[in-house]
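Just one chain is shown here, as structure tokens, and it is the form predicted alone.
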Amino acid sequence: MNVSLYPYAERFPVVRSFPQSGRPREAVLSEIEAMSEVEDSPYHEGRISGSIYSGDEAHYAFLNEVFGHYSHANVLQRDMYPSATRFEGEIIAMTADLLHSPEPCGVLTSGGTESLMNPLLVYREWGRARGITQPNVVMPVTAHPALDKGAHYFGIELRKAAVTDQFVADMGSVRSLVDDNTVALVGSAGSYPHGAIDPIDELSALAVERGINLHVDGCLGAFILAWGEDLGHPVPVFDFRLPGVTSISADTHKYGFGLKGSSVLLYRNTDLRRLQYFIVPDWTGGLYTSPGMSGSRSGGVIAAAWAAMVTLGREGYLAIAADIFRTAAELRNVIEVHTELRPLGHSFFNVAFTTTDESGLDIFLLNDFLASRRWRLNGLQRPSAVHFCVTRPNTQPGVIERFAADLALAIEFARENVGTPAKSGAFYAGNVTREQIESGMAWWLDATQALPPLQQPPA
């Protein structure tokens, strides 16, 4: 067995078939604790890009306690768990308030992918009601691939517009792709690769002009960018204040600081939201209705998202956002010091960079060295680059200084190893090797291909 792809094979028993008898809970918990301590230690040190958005152990302990009260609850059964209606309604209301919705109208989903796929279904149905049988959606090449997934599922043609040298949608390209079968435009705020905010105001104007819809993908950025204006940062308007915006997705399990598996999808009005609903009135099991693609859903995840929002409040989110904006600016300054490096576009929280043509350096060799120091950056392509998505653990004192020191060493490593194939590459799941990409595995390991020794995370 390849230990680099299955790293615990030599530490713990490998379950190869269904066990005849159950194991003691204490033994299972011991293994779980050992693995989680090792895997969480880099984020405790502030070395992880994205992924871990809060990092506050007291916050997680509180959310886990909340989750425990509803971990067994299926929110389909509202007669048993009417609290779910309260949690969902208030999460939607708070998010709608944050994003200036004219009315609190939306749904909760299982994450960003579902929050991007559902609007495509809605806009396909919207088009059908207007006689459009071959719908298309226009979006920049930087938009999230969950939209490709949804278009594949729902039989929608995706037309991909070029981006500018700042990695935002090129409006000339967008306009050239719109025709009478276009049901919607898509813009990001901000994009996953570069954290860039597409010209949502211009996309909105085009949507109004053509009488079509505009979805804003704020899955990654909405719950951080929404605080920028109050903090004095020049974040452009990207929400429902723009008349052409008809839907926005915003993940509560990212900068909303909820547990994994929750997202909010807002619509401008209930007529659009209704197109997402699915109903089978005459099934032998009874009237079946569903607000989206998910059937059974965990009450624990929803309760935890609600608890995160109401306990942090505006003041809590603003304080965290201020730290993230500050840290991202410091990170960009660290990168710009080096003439061998070039930041890509502009972002308030997610800094992407590559090597300059003049340097002749391979950005993934830099990434290999940083991985050896337990930094986990995300690889990008077209062009080859990496990004560091700043989250709360990265705002700890000393983190940016440690990164600056290791980045300087990484440049020297890349210079000394010009022509050597890099181990890392561009893969959405994170900092994995080419071997792991080719094997279809998304395990992340450090550059030595072995986990560090078991140890307690730093205080």
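Being a predicted model, the structure only gives us computed values, none of them experimental. Note that residue numbering follows the sequence shown and begins at 1.
What comes next is about the form predicted in complex with a small molecule, which does not appear here.
Of the residues Asn136, Ser298, Thr327, Thr113, just one reaches the small molecule in the model of the complex with a heavy atom at 4.5 Å or closer; this is Thr113. Distance criterion of 4.5 Å from any heavy atom to the small molecule in the model of the complex singles out Cys219 from the list Met309, Cys219, Ala385, Ile197. Just one listed stretch, out of 223-231, 330-338, 73-81, 245-253, contacts the small molecule in the model of the complex at the 4.5 Å heavy atom level, and that stretch is 245-253.
Among heavy atoms of Tyr192, some come within 4.5 Å of the small molecule in the model of the complex. When the small molecule is considered in the model of the complex, Arg159 lies well away from it, no heavy atom lying within 4.5 Å. The shortest heavy atom separation between Arg273 and the small molecule in the model of the complex exceeds 4.5 Å. For the chain shown alone, Arg342 is not a contact residue for the small molecule in the model of the complex, no non-hydrogen atom being within 4.5 angstroms.
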